[in-house]
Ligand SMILES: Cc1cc2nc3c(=O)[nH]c(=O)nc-3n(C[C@H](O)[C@H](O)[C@H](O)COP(=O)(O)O)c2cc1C
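Take a look at this single chain, the form predicted on its own, given in structure tokens.
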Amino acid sequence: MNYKKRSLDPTAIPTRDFHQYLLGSVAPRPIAFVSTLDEEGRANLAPYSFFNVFSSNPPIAVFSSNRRVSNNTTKDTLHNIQVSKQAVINVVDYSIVKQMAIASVEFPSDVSEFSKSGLTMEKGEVVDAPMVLESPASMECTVDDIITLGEHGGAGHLIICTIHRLHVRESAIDETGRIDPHAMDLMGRMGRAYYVRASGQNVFPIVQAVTKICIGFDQLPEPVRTSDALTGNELASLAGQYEIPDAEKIQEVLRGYAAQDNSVDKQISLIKRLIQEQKEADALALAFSLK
């Protein structure tokens, strides 16, 4: 693999180009589909991908409404939350992603993105701003702070929100009471015009206990650790195990996978296959047989 990187100085290239490099590098990003009300009670709906949650207790969501690069103007969402100090953050699933794209169009302030996108306003419990009925999860928020990050085109306004209610679609909650990512079917924003769908084969578990110490890469036998045949992820499957196999386990695995050709290359090929078959304990024992 070629690890050579291109060095980009944000002061040396146009903001619009550096913006796209940022979007392509920090991806996928969750989408905040923010609904607000202006001082006349008119609803606005706009998507933002500079967004995440940053605390659970208190529950805090943060998104950024950037100045337009083209003309340095600000968006209706920013004006509305400055007036009302309220917003609803709705997530975007696959079923509404193209409607979300329509809502991103810069309609005049007196035009409803709900009407243009065909989405439905739903009354919340805490704030006046409407929720998006079709969204699988909506967060009713009050705005705690707006931090201005700059005065030029592309500069963000960091909007810090306290979540007072989280509404999750019942069909997205499984029998254990947890959210099923496949049922949520969320969309992520990439760079340029690209999106990613977080469901199906794109969603998979990685189980690694953070409070239990694993053996790490440095404890792997040198022939395995330096092998070009094993990827970083495959080596991590071994390094993420919690104890080095003892001699009895190693002999048991050697008997079970005895082969006529016991060369290092053949053994590493077998280790690779065992990792792919999710037999990491056997693969680790075989790896330590090469030490």
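Small disclaimer: the values here were computed from a predicted structure and weren't measured. Start at 1 with the first residue shown and count on from there.
Only in words, not in the display: the form predicted together with the ligand, which the text now covers.
Only one of Ser138, Gln99, Thr77, Gln86 comes within 4.5 Å of the ligand in the predicted complex by heavy atoms, so just point that one out. Exactly one residue meets the criterion: Thr77.
Among the candidate residues Glu122, Glu106, Asp180, Asp144, which is the single one with a non-hydrogen atom no more than 4.5 Å from the ligand in the predicted complex? By the 4.5 Å criterion, the partner-contacting residue is Glu106.
Are all three of Asn44, Tyr48 and Asn66 close to the ligand in the predicted complex, meaning a heavy atom of each within 4.5 Å? Every listed residue reaches the ligand in the predicted complex, so yes.
Would you classify Asp93 as touching the ligand in the predicted complex, given a 4.5 Å non-hydrogen atom cut-off? Contact check for Asp93: no, nothing within 4.5 Å of the ligand in the predicted complex.
How about Glu113: is it within 4.5 Å of the ligand in the predicted complex, going by heavy atoms? It does: once the ligand is placed as it appears in the predicted complex, Glu113 has a heavy atom within 4.5 Å of it.
Is there a heavy atom of Ile31 lying 4.5 Å or less from a heavy atom of the ligand in the predicted complex? It does: once the ligand is placed as it appears in the predicted complex, Ile31 has a heavy atom within 4.5 Å of it.
Taking the partner as it appears in the predicted complex, which of 188-196, 128-136, 207-215, 170-178 has residues with heavy atoms within 4.5 Å of the ligand? Only one stretch passes the 4.5 Å heavy-atom test: 188-196.
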